[in-house]
Every structure is written in structure tokens, then in C-alpha cells.
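Consider the single chain below, provided in C-alpha cells and representing the form predicted on its own.
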Amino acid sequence: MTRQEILDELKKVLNPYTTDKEALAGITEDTDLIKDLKINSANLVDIIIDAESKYDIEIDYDSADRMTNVGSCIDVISEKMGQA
């Protein structure tokens, strides 16, 4: 999977957790999950669980802790898929 393909699928994972659909439509790798997408920090665990299911990967605590913006999410997903 390319970074763009992961980004496109990640938008679908993030969609239920953001109320700012306009910001979601224009996300880039620099988009912050909490500040820009207005995602409740409690929902980050749900996003990680959904990403694990979507990509058939397991995200450990240290990796999850790095997932603060879209680019870092893509990095972790790529690493866990063995593509990094």
C-alpha cells in the first residue's frame, strides 16, 4: 500500500470520530488528530483499534503514543504492515 492509499483508508477510519468533516476532507500528513480534526482524546484508543482491524496489524503502546498526526499514523501503519 502506498502512503496515499493508507491516507485514503485512514480518512474512513477517522470519519466517525470527527465532527469537522471539512477538515477531514482536506487532511494532509501534518493534520493533528486532536487540534485540527477536533477528535476527542478518549476516541484515540477507538481509532487505534479500528486501524488495527482495518489493516490487520497490532499497534503496541509505544507506537500508539506516536500517533498524534496523520503522517505519524501512516508511519506506524506502514511499519506494522512491514512496508517501512
Partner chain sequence: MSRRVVITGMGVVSPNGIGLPAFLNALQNGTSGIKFMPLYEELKFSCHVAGMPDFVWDELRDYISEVSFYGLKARGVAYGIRAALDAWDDAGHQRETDEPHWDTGCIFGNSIADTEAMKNVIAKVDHKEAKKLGSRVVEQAMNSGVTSYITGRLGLANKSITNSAACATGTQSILMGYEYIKHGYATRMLVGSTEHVDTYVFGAFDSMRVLSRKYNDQPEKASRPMSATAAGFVPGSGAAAFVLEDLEYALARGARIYAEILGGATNSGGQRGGGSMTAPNPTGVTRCIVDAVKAAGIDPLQVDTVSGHLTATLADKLELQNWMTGLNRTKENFPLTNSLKSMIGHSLSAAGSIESVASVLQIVHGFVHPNINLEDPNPEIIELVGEKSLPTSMVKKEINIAAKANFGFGDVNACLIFAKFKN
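Residue numbers count along the first chain shown, from 1. Please read all numbers here as calculations on a predicted model, not as lab measurements.
Keep in mind the form predicted in complex with its partner chain is missing from the figure; the text below concerns it.
> Thr68 versus its partner chain, in the predicted complex: is there a non-hydrogen atom within 4.5 Å?
Flag for Thr68 set to no.
> Please tell me whether any heavy atom belonging to Ser63 falls inside 4.5 Å of a heavy atom of its partner chain, as the geometry stands in the predicted complex.
No.
> Verify the contact flag for Ile49: yes if a non-hydrogen atom of it lies within 4.5 Å of a non-hydrogen atom of its partner chain in the predicted complex, no if not.
Close contact exists here: in the predicted complex, Ile49 approaches its partner chain to within 4.5 Å, heavy atoms only.
> Would you classify Ile34 as touching its partner chain in the predicted complex, given a 4.5 Å non-hydrogen atom cut-off?
Looking in the predicted complex, residue contacts with its partner chain do not include Ile34, since no heavy atom lies within 4.5 Å.
> At a 4.5 angstroms cut-off on non-hydrogen atoms, which residues of 1-37 are near its partner chain in the predicted complex? List them in order.
Contacts from 1-37: Asn15, Pro16, Tyr17, Thr18, Thr19, Lys21.
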